[in-house]
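The chain below stands alone and is given as structure tokens, in the form predicted alone.
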Amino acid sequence: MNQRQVLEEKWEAILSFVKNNYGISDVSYRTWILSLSIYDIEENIVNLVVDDSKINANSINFIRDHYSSFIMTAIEEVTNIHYDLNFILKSDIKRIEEDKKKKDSGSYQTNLASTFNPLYTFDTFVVCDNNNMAHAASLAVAEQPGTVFNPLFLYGGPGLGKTHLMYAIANFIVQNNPSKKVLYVTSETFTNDVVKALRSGNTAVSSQEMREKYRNNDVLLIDDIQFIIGKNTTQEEFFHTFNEMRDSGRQVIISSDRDPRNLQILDERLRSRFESGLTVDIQPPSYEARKAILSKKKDINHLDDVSDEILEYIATNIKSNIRELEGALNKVIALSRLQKKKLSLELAQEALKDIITPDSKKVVTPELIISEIADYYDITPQQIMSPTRSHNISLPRQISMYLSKEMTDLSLDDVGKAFKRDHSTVHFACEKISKALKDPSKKEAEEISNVISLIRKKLNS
């Protein structure tokens, strides 16, 4: 189940959360909230449709100003994922769809994401010690695509700004070099296009159309490349696409959650090509960087009543990534509007009491492990808990069970209860993963070792 399907499945619960927790009257709820619908999701940006056949088109600004914080907070509460929001008018959808068709046919010069999210630019990116090299490299590529740092490989944990920089590159090129053809996609989209071409009745034609879509560009940006690991046909297609782009002097920009050297099951040919350009990491933000990011968000959104004291409190206590920082600020603003109280440090502490407990150590639970594993494999926790036996679900489930036994004090029976399985299933999973780790000749040993190492570091940080 992809991100959009998950969100659509929970959309009614999200809207109910908004109504029940933020004191919105029935009239306001029916007028402004209930008619909102999901158009699509671009990375962590949810594009919501405002039906201007029922309300004035100018109402889009009113909804954005008065309800976006409530909706973002509700989405995060229900899904445990932070998304930014963008609003589009229903009357604009036809034009957007036409633009998409032009882009897919290779005749459209710009990136749809840049139309949806103009805030992701170099001007809105906060440059600090943790990301200054990545910013400088991205700007150099945007100014001279295909001539320096080709490919450019950005890597770092989730929510640290990789996608912001990729959109910034695309927006900069589109604005300053409109004749350049720019395409940004996630690795999931690339994989889906490969599968679609293979399933087509006329495979030769479909494959040619796909290659024209991807190779007929001056700049190609692929986000979250780690998700093509283990997908041999997708890797092979990307290998040839990459070679053709780079060998003809056209720019390729790639992002991942880890260094290409740690993409253990990636085709060695691809890994060596990724390393042939410039590889730049983005580290978690320091306190100064976190404070600067929050200050920038305050300025962009004209949140003049948010004091430095509040920003310092959030920056001190939310340390993991930028999305969580922004989500915490949204929660504070939402509570202030709900209770009609002036923004203060006390109100911020109340709003964030569930996610900020000073000096407390993170408690590792099976639920937390399942969430991290699901995020790594781009699946949902529900899929891990499901009875599905397909390999792409059973392996993450077994790793989750292994880590739950290793990183908690729970017995096999207790771990089994957490997964709604019996203790023998947990024992089998632990034995299988343990044997794989001890035998490097096993096909998936490197992948399993890499996953476990990464999740351990995240949970122990």
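No experiment lies behind these values; they were computed from the predicted model shown. Throughout, we count residues from 1 along the sequence that is shown.
Unshown form predicted in complex with ligand ADP; subsequent notes refer to it.
The partner is not drawn, yet in the predicted bound form one stretch among 302-310, 269-277, 344-352, 318-326 has residues with heavy atoms inside 4.5 Å of ligand ADP: 318-326.
Residue 163 is the only one of 380, 241, 336, 163 with a heavy atom lying within 4.5 Å of ligand ADP in the predicted bound form. The partner is absent here; in the predicted bound form, the one residue of 124, 192, 207, 286 having a heavy atom within 4.5 Å of ligand ADP is 124. Proximity of residue 74 to ligand ADP in the predicted bound form falls outside the 4.5 Å heavy atom cutoff. Although the partner is absent here, residue 158 is a contact residue: one of its heavy atoms lies within 4.5 angstroms of ligand ADP in the predicted bound form. In the predicted bound form, residue 181 stays away from ligand ADP, with no heavy atom inside 4.5 Å.
Residue contact check for residue 364: none of its heavy atoms lie within 4.5 Å of ligand ADP in the predicted bound form. Every member of the trio 131, 293 and 297 reaches ligand ADP in the predicted bound form with some non-hydrogen atom inside 4.5 Å. Compared with the form shown here, the C-alpha atoms of residue 65 and residue 343 sit at least 3 Å farther apart in the predicted bound form.
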